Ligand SMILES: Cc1ncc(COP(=O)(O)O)c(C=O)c1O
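Just the one chain here, laid out as structure tokens, in the form predicted alone.
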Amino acid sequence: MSIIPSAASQLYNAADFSQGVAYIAGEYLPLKNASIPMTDRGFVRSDATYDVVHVWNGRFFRLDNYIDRFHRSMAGFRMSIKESKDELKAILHECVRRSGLRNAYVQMTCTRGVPKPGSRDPRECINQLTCFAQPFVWIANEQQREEGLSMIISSTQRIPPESVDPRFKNFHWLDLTMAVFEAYEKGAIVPVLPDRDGHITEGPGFNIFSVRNGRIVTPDRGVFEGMTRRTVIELAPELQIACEVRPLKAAELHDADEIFITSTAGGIMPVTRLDGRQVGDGRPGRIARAIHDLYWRRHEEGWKATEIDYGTAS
């Protein structure tokens, strides 16, 4: 398979790519011009999986890990693509190269595809790969990252893993979206969702960590196992911080000395208010700051990084 841009895609000039580049059906085009068929089950049934890797200072972070996880998600949902892992990697590189972005949010998506006329059989669909690169996305703005986020524990329960396994990244976001509306209505910025037993799971696009007596805890079930979450678990021993992966009750979160969230879209972000009450002293905590600083220092050092050859990209 060739990932070299066709003559058609080269008709778009460099300026068109400044806000993002998409790859669809062998073509590279400006993200604003990208689309999928309205009858693709990825659109009409949320029948899709995806993953997001980021680029920082011109380097992918943990690219192979993200691609491996994307393939696990596809296998979990009985999907597959014709592109090999190396070909997919080349496509992602080309999206970023053509955009010229040094800090980017890069998504790879597999949709179920368009069914045959009159058919409801998902086995008859040809799964479709689409990719795009756009400027880096932050869950929280600069002020929120500096001062801390306001969070609620939502009254909306997370979809149980017995129904949809959250370890396979998916578009089933209506429970998360309803929780976002609830957070806004209560004057907060982000929600975290409980499961049916009252254990904390995750929020829209992020994992959560609780800090108590110098130890950090993150939920072990009903969550997407985020790459930034994994990175925190790996980096904690360097700071001599104990990390537990186990059930986390809402009451325990309310008693936390610190709370922080993790996401590819922003790294490590402190939470300073929960359900209208101050967390700790109401400022980003010492442990959250230490993990945040180490996380971004590792980025600057090129840890687990893959360089991008921008070539002639503007």
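We number the residues from 1 along the sequence you see. In this text, all values refer to a predicted model and were calculated from it rather than measured experimentally.
The following text describes the form predicted in complex with this ligand, which does not appear among the structures shown.
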item	value
Partner contact for residue 203 in the predicted complex: this ligand, 4.5 angstroms, heavy atom	yes
Any non-hydrogen atom of residue 66 within 4.5 angstroms of this ligand in the predicted complex	yes
Partner proximity in the predicted complex: residue 224 to this ligand, non-hydrogen atom cutoff 4.5 Å	yes
Interface membership of residue 50, this ligand in the predicted complex, 4.5 Å heavy atom rule	yes
The single option of 97, 169, 89, 199 touching this ligand in the predicted complex, heavy atom within 4.5 Å	169
Heavy atom within 4.5 Å of this ligand in the predicted complex - the one residue of 130, 134, 207, 144 that qualifies	207
Partner-proximal stretch of 55-63, 284-292, 33-41, 255-263 relative to this ligand in the predicted complex, 4.5 angstroms, heavy atom	255-263
